[in-house]
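For reference, the chain that follows is the form predicted alone, supplied as C-alpha cells.
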Amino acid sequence: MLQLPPIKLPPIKLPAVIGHRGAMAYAPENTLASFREARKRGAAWVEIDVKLTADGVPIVMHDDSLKRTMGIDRLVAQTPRAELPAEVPTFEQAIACFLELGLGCNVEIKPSEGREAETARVAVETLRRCWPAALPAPLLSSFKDESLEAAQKAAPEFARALLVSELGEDWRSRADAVGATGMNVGRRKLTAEGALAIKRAGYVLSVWTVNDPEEARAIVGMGADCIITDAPDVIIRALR
C-alpha cells in the first residue's frame, strides 16, 4: 500500500506575547487566577502544561510532583483527581476559563514518564470535545517527540511546535517528523544564527521564558515571532 507523507499544516498565527503558565510573576502558575491575571495584564494567549492524574484526568500542572506548587509531597501520576487541591484546575476547567476570558492557548503536553502518548491522546480528545469555536485554534507543544507524534496521529488538525532548550543538529528532522510548524526555543542558548535558520526554514519561532524588556526586544530583532513571559504586561509594553 502506498504510504502518503503526513500533511504539514500552515504556520499558526501567534500573538507577539504569550503569558507563561498564565502570568506567574503575579499569581500562582497554571491556576485560573493566573489566567485571569494574564488577561487583566493584556495577554491574548497563555501557555499551560497538561498532564494526567492517576485516574487519567487531564489537569493543568507543570511538575511531576505537587510539592513545589502545592506543598504536598506526592506525585501527580499517583494521585486521583478527587484527592488534588481545588486550586489545581482540570484541563476542561481551564478551557472554560479561556472561553470566559477570550484567551487563546499554547497547550504544552507535559507527560509523566511512560505516559507520553497517552497524555497526548487524552489532551487532544479533550480539545476536540471542549475547545470553543469562538477562540483561536490552540497550539500543541512538547519536549517529547512521542507526545507530538501521538497528537499528530490522533488529531492532525491541531498545529504543533517542538519544544527545545537549545537547537541540536537534529532539530529540523525532529520537527519535520512530527509535522511541526513551530519551534519553541529556550532563550538561554538561542543564537542569532539559530533564529535565522528557524525562520528561513519557515517555522514560527517562539522563545521562552523572557522577562527582561531589553532582552525581549533583542530576541524579536533576531526574528522571533512570539515571546513567552511570566510578566506579559511588561513585555507587551517593551515591544510597543
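In this text, residue numbers run from 1 along the sequence as written. Here the structure is a predicted model, which means the values were calculated and not measured.
Although not depicted, the form predicted together with a small molecule is the subject of the following passage.
- Though the partner is left out of this view, Ile228 does reach within 4.5 Å of the small molecule in the model of the complex, counting heavy atoms only.
- Taking the partner from elsewhere, Asp64 is found to have every heavy atom lying beyond 4.5 Å of the small molecule in the model of the complex.
- With a 4.5 Å cutoff on heavy atoms, Trp131 does not count as touching the small molecule in the model of the complex; it lies far away.
- Taking non-hydrogen atoms only, Asp49 approaches the small molecule to within 4.5 angstroms in the model of the complex.
- Between 120-128, 87-95, 107-115, 151-159, the stretch whose residues reach within 4.5 angstroms of the small molecule in the model of the complex through a non-hydrogen atom is 107-115.
- No residue of the trio Tyr26, Arg41 and Ile236 has any heavy atom within 4.5 Å of the small molecule in the model of the complex.
- Listed residues Trp45, Tyr203, Trp171, Trp208 were compared with the small molecule in the model of the complex; Trp208 is the one with a heavy atom within 4.5 Å.
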